[in-house]
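Starting off, we have a lone chain in the form predicted on its own, written out as structure tokens.
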């Protein structure tokens, strides 16, 4: 069986990898110069199914558990240090509300927060620790899955190449994200802006989500000692441009988390458009011999392994998933 996969973001990479592992002959086409150069490039990389349950539908947690297994076992590139949720003392009710909407956490007082993240011990008297969650460095993870894909004799990655016509392929998987809007008219764009800060004045070992009424923020440590600060969510389809407002919000929230971020070096800024449907839930739409996998919103790395597995079931087992084909 020959399969064409269009788009080498995290969705296309995981779908191609899953199909190739099952024995299909896979051609993965990316029009950019390399894989993962779309919105996946600016992702936070939090593999946090229980934290996401606070604001997402239960299906996101269910699919996310498959993602957690994939990144920690199938392709073990994740660091499983858990996630920490905190808020400034005056906003403690926000943490309590967060706790009521999710599970699999440990309530932490100031002493326990100090054991988990010593540099935050004096700043937050109360928090939630999700010990089973993980995080990855997105660009390294995409490089690793591309390497794993390249090691399979029945898979080929074509970069700087437009996908050919479907003739000659049994199936085509469209994984182009927001670029597929002409085929998916109900797809919308949600812009996310981020920055990377570097400082030697503190050490944070796991993703920290700081709740705030106006500017919630997450801080994700990177292997080089820098920190990804993200991310805004703006109903905006303009990629690339980072606004002054976003920088003020993100740097201000990071400073609230710890004053050391006030003197940190800004290493990088970035923005791109996340694809989303009106309900912020993903779709696997089957039209003849073409499968659209799209609408992962802000959960690309979390959900892509589970969606790739279901798309591969459609191709190799003639499975159907009507709950995703809406």
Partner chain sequence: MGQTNDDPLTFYGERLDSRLLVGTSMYDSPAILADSVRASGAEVVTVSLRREAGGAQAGQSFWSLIKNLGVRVLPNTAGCRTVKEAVTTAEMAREVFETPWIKLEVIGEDDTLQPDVFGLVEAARILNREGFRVFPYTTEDLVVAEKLLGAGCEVLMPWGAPIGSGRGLNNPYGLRSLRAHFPGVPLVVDAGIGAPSHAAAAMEMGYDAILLNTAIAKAGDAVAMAHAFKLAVTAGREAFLAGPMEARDMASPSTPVFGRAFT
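Just so it is clear, the model here is predicted, and its values are computed rather than measured. Positions refer to the first chain, counted from 1.
In what follows, reference is made to the form predicted in complex with the partner chain, a form of this protein that is not presented.
Remark: of stretches 284-292, 53-61, 30-38, 257-265, the one touching the partner chain in the model of the complex is 53-61 (heavy atom within 4.5 Å).
The shortest heavy atom separation between residue 188 and the partner chain in the model of the complex is within 4.5 Å. Among residues of the shown chain, residue 181 is one whose heavy atoms approach the partner chain to within 4.5 Å in the model of the complex.
Put simply, residue 249 is close to the partner chain in the model of the complex: some heavy atom of it is within 4.5 Å.
Taking the partner from elsewhere, residue 69 is found to have every heavy atom lying beyond 4.5 Å of the partner chain in the model of the complex. Proximity to the partner chain in the model of the complex, taken as a non-hydrogen atom within 4.5 angstroms, holds for one residue of 159, 233, 242, 77, which is 233. Proximity to the partner chain in the model of the complex, defined as a heavy atom within 4.5 Å, singles out one entry of 115, 237, 200, 170, which is 237. Contact annotation for 92-125: residues with any non-hydrogen atom within 4.5 angstroms of the partner chain in the model of the complex are 97, 101, listed in sequence order.
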